[in-house]
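One chain comes next, on its own, written out as structure tokens in the form predicted on its own.
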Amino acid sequence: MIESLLDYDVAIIGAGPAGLAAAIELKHQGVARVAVLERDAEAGGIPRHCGHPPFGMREYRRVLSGPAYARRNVERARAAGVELRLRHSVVALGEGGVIDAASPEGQVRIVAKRVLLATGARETPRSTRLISGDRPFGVINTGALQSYLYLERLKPFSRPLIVGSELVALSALLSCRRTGIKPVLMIEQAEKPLARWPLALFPRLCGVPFECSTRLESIEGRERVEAAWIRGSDEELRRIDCDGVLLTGRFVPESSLVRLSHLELDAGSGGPMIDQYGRCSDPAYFAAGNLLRPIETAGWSYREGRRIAALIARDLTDPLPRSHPGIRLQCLPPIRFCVPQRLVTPIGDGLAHLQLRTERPAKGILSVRGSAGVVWQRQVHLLPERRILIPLDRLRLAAGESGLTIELEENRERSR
């Protein structure tokens, strides 16, 4: 039973960097009634859990810790007149911007002219990584580690094995170093580190051995972790003494609301399907931040939230071009996904780039093909978790184009 009805110009779901930046921008654009719905008791998003720098270098022209960055974002939102509705868990997205939420006061229905989805991403837990062995205490992901260290002031282990080499893994390594935790080894299943050089040198600079082409096979321990079994490129099984296992990365969009709604979901990214304006299949809904792809930095999400908020403000007074049918984009392996997944002509002044990710390391000629042939092309070196951007204003689109295909012609050396 709906106990209250609220009405807004724009409702934003998620109070992380993208959602708060969007709310601030909307108020600066003159939008009167802006609310941010956040299921947690405190706004700020994932940076609240990250007690290390660097955050805020572009936004605030200084180096901040995660909690300090989150506080600044929340303070700016409140100062701008944004209504923060904390402990509001959205349970359903209805057509045309009708949202149902649960709050401490009961069921709430929210009617908004536009809705921005900014629910972020989450790490893949052990349960979906198919890791065999015992189930002792001490197997956690990066989010849990940050919560233990910076919110609860607890150390879950002293000598963990770190699994993964994305940027978030290096962030976790920095947190370990700051709190006296000494990892015994960092491993990466891929042939090369996923973080960009020279960040990939950071584990060794911290005195932590680092091995690529190595996977975690199983975990051993009764009450807590006692050892982990790993297998390297030589296929030899090794036992590593440790008191914890830190699983990092493998992010997926927090898209459960989208999956249960009428909005189109992109199978490649795992997030909602959008056009270059950030607009979903229902034009009342927009999306920004790591819900769109796993995963980008807090700064990237902040800037994307601002950009899409400016487009929402424009749409409220001067409607954007019709989204359908639009130009659909198809990605061929090894390209895993592309964001946005649909383009509206003329290209206009929405998001500036197509953003791609690959499912494995690859080199070759990346092409975008339309009905009349190649509309964009470039030699590239692709690695998983590293973005590649295609400028939208460089696409030479034919009149009446209905679909584009993104493909990679790999260098011949790989096939030999």
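The numbering used is simple: start at 1 and walk along the sequence shown. What you are looking at is a predicted structure, and each value in this text was computed from that prediction instead of being measured.
Keep in mind that the form predicted together with a small molecule is missing from the display, and what follows is about it.
Annotation: in the predicted complex, residues Val111, Ser261 and Asp282 none come within 4.5 Å of the small molecule through any heavy atom. Of the candidates Lys363, His52, Arg369, His353, His52 is the one whose heavy atoms come within 4.5 Å of the small molecule in the predicted complex; the others do not. Contact with the small molecule in the predicted complex, defined as a heavy atom within 4.5 Å, holds for exactly one of Phe337, Phe157, Phe286, Phe251, namely Phe251.
The small molecule in the predicted complex is approached by Ile46, whose closest heavy atom lies within 4.5 angstroms of it. The small molecule is not drawn, but in the predicted complex it has no heavy atom within 4.5 Å of Gly270. The closest heavy atom approach of Leu257 to the small molecule in the predicted complex falls within 4.5 Å. In the predicted complex, Arg33 stays away from the small molecule, with no heavy atom inside 4.5 Å. Across the options 316-324, 186-194, 295-303, 202-210, residues that bring heavy atoms within 4.5 Å of the small molecule in the predicted complex belong to 295-303.
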